[in-house]
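The form predicted on its own is given below as one chain in structure tokens.
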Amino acid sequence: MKNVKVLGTGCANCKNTVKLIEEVARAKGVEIALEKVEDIQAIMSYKIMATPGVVIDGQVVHTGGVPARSKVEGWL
């Protein structure tokens, strides 16, 4: 199971990123542990400059804007 974190303070792009990841995981039948991280200190610990950020298994894979569906499919 992949551990997926979406980093962001609750903006529309952050919410859309969470929704997209959930949709792709469901469509592919992949079980994930999805966590939304809104704490500024926790977000800053990943040293990202733009949100939403996506972290998979501890590694930052995306920052800034909603990722493309194909990109999310590649992650999962």
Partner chain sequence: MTTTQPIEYPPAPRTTARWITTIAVAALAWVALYSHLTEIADALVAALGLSRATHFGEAVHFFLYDTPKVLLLLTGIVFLMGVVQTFFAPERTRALLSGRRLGVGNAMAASLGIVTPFCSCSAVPLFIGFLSAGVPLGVTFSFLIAAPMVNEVALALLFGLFGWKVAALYLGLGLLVAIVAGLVIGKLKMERHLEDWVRAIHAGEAAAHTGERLSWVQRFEAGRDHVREIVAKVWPYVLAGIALGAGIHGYVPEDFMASIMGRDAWWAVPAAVVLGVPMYTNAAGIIPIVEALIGKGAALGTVLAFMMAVIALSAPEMIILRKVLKPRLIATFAGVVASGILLVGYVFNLVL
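Numbering follows the first chain given and starts at 1. All values reported here derive from a predicted model rather than from experimental measurement.
The same protein has a further form, the form predicted together with its partner chain, not shown here; the description that follows concerns it.
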item	value
Heavy atom of Val18 within 4.5 Å of its partner chain in the predicted complex	no
4.5 Å heavy atom contact, Asp57 and its partner chain in the predicted complex	no
Partner proximity in the predicted complex: Lys71 to its partner chain, non-hydrogen atom cutoff 4.5 Å	yes
Partner proximity in the predicted complex: Lys47 to its partner chain, non-hydrogen atom cutoff 4.5 Å	yes
